[in-house]
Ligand SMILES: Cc1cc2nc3c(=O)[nH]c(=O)nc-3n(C[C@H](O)[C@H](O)[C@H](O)COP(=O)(O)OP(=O)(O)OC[C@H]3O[C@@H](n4cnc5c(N)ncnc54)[C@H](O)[C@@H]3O)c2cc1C
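Here we start with a single chain on its own, the form predicted alone, put down as structure tokens.
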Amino acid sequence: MENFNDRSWDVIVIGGGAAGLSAALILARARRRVLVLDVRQPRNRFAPHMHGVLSRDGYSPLDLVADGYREVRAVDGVIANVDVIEARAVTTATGPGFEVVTDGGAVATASRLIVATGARDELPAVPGLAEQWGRGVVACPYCDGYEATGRAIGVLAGSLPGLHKAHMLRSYSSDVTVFTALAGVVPEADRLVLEDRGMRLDDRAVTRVVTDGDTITGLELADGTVAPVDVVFAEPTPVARDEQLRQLGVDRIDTPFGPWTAVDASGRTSVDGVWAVGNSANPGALVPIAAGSGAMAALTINAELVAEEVAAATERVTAGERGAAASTPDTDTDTDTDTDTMGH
């Protein structure tokens, strides 16, 4: 679907992952005119399974998106697989709004905009790491730690704060090696605590991921030796896919992941009428958190739309009462005179 000009929209959602589809589902069920524009690149698309999602533990993230598509469309939400290249504030026939332009040149306009484009992950430049991303190379202990229980875990620390990930993983296995070359020199106190908890530290640079077919067997180090590991927990750098938000001039804040879009508890940005949800608002949000943020934004937006409708009706009623009062003749004086005359 490329021609959006034949319909008016209450809300446009950019991004069709867990956050965007959750928002679209609630708004469409509230009978709002909702358009989802999605390029089909969810952040977790590389993983065959997702975990920690109630009732969907072990489910494919792409299957979750497909389920969401069906549910949104079942309640008259519209989804188009296009890339949005521009978003700008405009004045519509009903007041302030937003216009988005797709890579095919189509234009859509709405009074509210939800950005759910999320983030992408930049991996360290280690040969073989990207090829295993989402399978033998993962990032999140909450998502994949349980599956690593009892296995040889390699932690590819990218920073000193990233050493905390090793502590999180210690509860899953007694065989944890922390590779620290990317993080720099580890303070003695941190090293002693890691070793006290039964973990090994290795400061040799990792030069290659070693595999047997599609299975990781180890990490090759700078001196040519291979450290045997079954799974690698890396520390990718999240990069915001926030082009539309920056085009609209929303405020950003500094986070441990770098500058990110600033939002309130409902996902509202500094630009009135614009929300950011999921990883667009929180780079560390897991799938349930992302979905919840989309739901919260949808509830807030619908409440605003209802309030606007009530205000407009109140104004019409008030104007009608004023008009009725103005058109009613003032007969009090005449009636009083007639009564007085009759009394005499």
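Predicted model, so just to flag it, every value in this text is computed and none were measured. Heads up: residue numbers just count along the shown sequence, starting at 1.
This protein has a second form, the form predicted together with this ligand, left out of what is shown; the following refers to that one.
At a distance threshold of 4.5 angstroms between non-hydrogen atoms, R31 is out of contact with this ligand in the model of the complex. The closest heavy atom approach of G68 to this ligand in the model of the complex falls outside 4.5 Å.
Contact check for V39: a heavy atom falls within 4.5 Å of this ligand in the model of the complex. A24 falls outside the set of residues with a heavy atom inside 4.5 Å of this ligand in the model of the complex. Here the chain stands by itself, but in the model of the complex one stretch of 164-172, 208-216, 131-139, 104-112, 131-139, has heavy atoms within 4.5 Å of this ligand. This chain lacks the partner; the member of M199, L182, V82, A148 within 4.5 angstroms of this ligand in the model of the complex by a non-hydrogen atom is V82. Contacts of stretch 15-30 with this ligand in the model of the complex, defined by any heavy atom lying within 4.5 Å, are made by G15, G16, G17, A18, A19, G20, listed in sequence order.
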